[in-house]
Each structure stands twice: as structure tokens, then as C-alpha cells.
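The chain below stands alone and is given in C-alpha cells; this is the form predicted alone.
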Amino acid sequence: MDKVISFPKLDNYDIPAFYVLSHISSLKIIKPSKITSKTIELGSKYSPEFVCTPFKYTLGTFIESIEKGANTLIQFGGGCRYGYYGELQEQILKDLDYPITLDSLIIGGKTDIKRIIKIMKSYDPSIKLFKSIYYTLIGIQMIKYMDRIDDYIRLNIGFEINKDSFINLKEEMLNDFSHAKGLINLHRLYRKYYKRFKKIPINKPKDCLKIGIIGELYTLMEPSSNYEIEKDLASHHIQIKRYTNVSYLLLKKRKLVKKYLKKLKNIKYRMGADAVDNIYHTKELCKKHYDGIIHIKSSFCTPEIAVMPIINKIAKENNVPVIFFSFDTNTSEVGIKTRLEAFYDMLEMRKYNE
């Protein structure tokens, strides 16, 4: 039986993942569907009750991909307990009588290139090494371009004059990126769209509200897992700063965390996952005079629970309000929105009084 490959959904990063896999292999690739209430319901139904939310979301995505015909699943998770979830998810799926294979490309938070190549060759012996390297480089560059554009959008989307200008142009850009004809063509597309984004008319006051978002990586990056909190922020004309994206995780995190540990007085050792990063980024946001900080995580995320008191202490010392949100499949969206509204109102009153 021919292998049909699929992988988890994480914001728009399925676009470079699909691009790479479809160019290096002749196998059928199924893109994960957008996460919906049905996805979440499926994942929650078959997951252990107290497992973290990303586990439930990705399991639901896998089930939907299997129902579309996938029989070979790739798991990219790493950095915390999630890096060990592949085996458990595979067992759950097999207990449900799904005849699948699930391979985790990251084991114990570490990436082994030789092992990844060996896995991919087992899927499709016709895969060529140099071709794989070339298209992987394109995929990485595509991620970097996407993240740079997203950083610019967060700073400005709340102040666009014509509604949905940024979102509509971003969709057009992602569509063109998905059909890039090589590294040079991708670079030209990026330059073209960056110029077009800069030309979108905005009305941004110098003293606008600025909020930084920190927390657990999946809940930060997958909009469906945080009720599209960034969209909500933008609707209140707020400048947004978020450090965590795939470029950061792939290319910067390992080196920067060592640097952060040397500079931080609060901790001396790694606390797992994104804990060290979030402590340092809290200090950065305070230093840059952000008006408020939002910390978000999935429920039962142990590293983020441990780091919350430290973040709270740093924010208090710098007189910067911070609010904490935990998300699970049963979290009330109305409750989240109500707390956010109160947070916005408080920040506006503080800024007005100052």
C-alpha cells in the first residue's frame, strides 16, 4: 500500500511543510485541515483528560487527516513533554483501529538530521539527498519571510484605515509563496510583498497602547487554541509584540537561551520548554515600556505554571500590568473576552492618567 503522508496543523506553517514534502517526494501529501470545533471535539474525546491542549488539538487533526486517506503521520513536536507524545498518540490511533504509522522527527527535544533522512527514505526510496536539502532550505527561508511579515503586521494591523487590508494581502502572499519556483523567485516574491505591506495606509498614533504576548509556544502560535487573541488585540487598536515563532524556535532559541541564562538573576538553570525565554522577554517588554503583558499557556503546562510567579514579580517591580490565561478545550471564550476587555480598559485608564 502506498504511503499517504500528513502532519499537524500550526497556523500557516503547513504551507512551507507541504511545499517541502511535495517537492522532495512523489508520495501523496494531505494538508491538515483548519482546526475547528469538530477537530477539538475529536482530539478531546480520545485524549487523556489532563494532557496538555496541544496534544488534543494535534490528535484531532491526525484523525481528520486519516479520514481523508492518510496512513503515515509525521509529528514535529519537541522541547517539553510534547516531544514524547508521538508514541502515545500512535498507540491511541492504533487502539481506534486506524492502520497508521506515526514518526516523531524530534526526539527528546533534539533534531537528528540523519534520522530524519532515513525516515523520509523509508517512505519514498526515490528521494534524492541534494534535492531534499535544496527544498528544505527554501522551506526554512519561506518560514523566515512569513515571520518577518507577521512581525510587521502585528505592529500595524490595529491601525489600518481599510478593514482587512493586511489579512487580504497576507492571504495573497501565502498563495504565491506556496507556488514559488525556487529560492530566487521566493526572494523576489518576499521583496514585492514587503513593499506592498509598507504601502498599506495606517493611522497609528505615537502614544498607542502596546502589549507583549508571551507564553507556551503552541498556544501562542495556533490562533484556534487562544480564541484568536491577536485579532482581538488589533480590534482595540493595540500594537502587538510576540517573540515566539518557528524562525525563533528553529534558528535562534538554542543559542539565545544560553545567553538569557547568563543575564538573568532570577534563575540559574533551564526550567523546560519556553520558561527561560518568557522570563527574559518579560524583562525586555518592561525595559521597552510596553503598557501591558499577556501570558498564555495550555492548561497543565508545568514549565509555564512554574514560571508565572517569576513573571509576576518582574512585572510588579517594573509597574507593568500582566494578565495570565490558561486555555483548554473547555475554556469559556466569553470568560476570556470579558477579562481581556477589563484589561484593555485598565491599560487605557493608566495611560490617560499618566
Partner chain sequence: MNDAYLGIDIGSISTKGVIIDKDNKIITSLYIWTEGNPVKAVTKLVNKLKEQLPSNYIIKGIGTTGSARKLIGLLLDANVVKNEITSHAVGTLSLYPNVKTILEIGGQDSKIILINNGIITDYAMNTLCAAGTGSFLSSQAKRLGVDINDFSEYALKSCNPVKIAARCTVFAESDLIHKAQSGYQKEDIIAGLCKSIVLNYLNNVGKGKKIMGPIVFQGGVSKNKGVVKYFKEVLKKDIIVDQNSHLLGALGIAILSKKYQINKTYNLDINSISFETKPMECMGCSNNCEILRIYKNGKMIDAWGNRCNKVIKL
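Numbering follows the first chain given and starts at 1. None of the values given here were measured: they were computed from a predicted structure.
Absent from the display: the form predicted in complex with its partner chain. The rest refers to it.
- Picking from 284-292, 22-30, 36-44, 299-307 the stretch near its partner chain in the predicted bound form, with a 4.5 Å limit on heavy atoms, gives 36-44.
- Here the marked residues N185, Y193 and P201 all miss its partner chain in the predicted bound form; none has a heavy atom within 4.5 angstroms.
- Site annotation in the predicted bound form: the residue of D124, E87, E172, D164 reaching within 4.5 Å of its partner chain with a heavy atom is D164.
- Though the partner is left out of this view, K3 does not reach within 4.5 Å of its partner chain in the predicted bound form, counting heavy atoms only.
- For E228, a non-hydrogen atom is located within 4.5 Å of its partner chain in the predicted bound form, even though that partner is not displayed.
- Its partner chain in the predicted bound form is not approached by K313, whose heavy atoms all lie more than 4.5 angstroms from it.
- Residue contact check for I63: none of its heavy atoms lie within 4.5 Å of its partner chain in the predicted bound form.
- In the predicted bound form, not one residue of 180-214 has a heavy atom within 4.5 Å of its partner chain.
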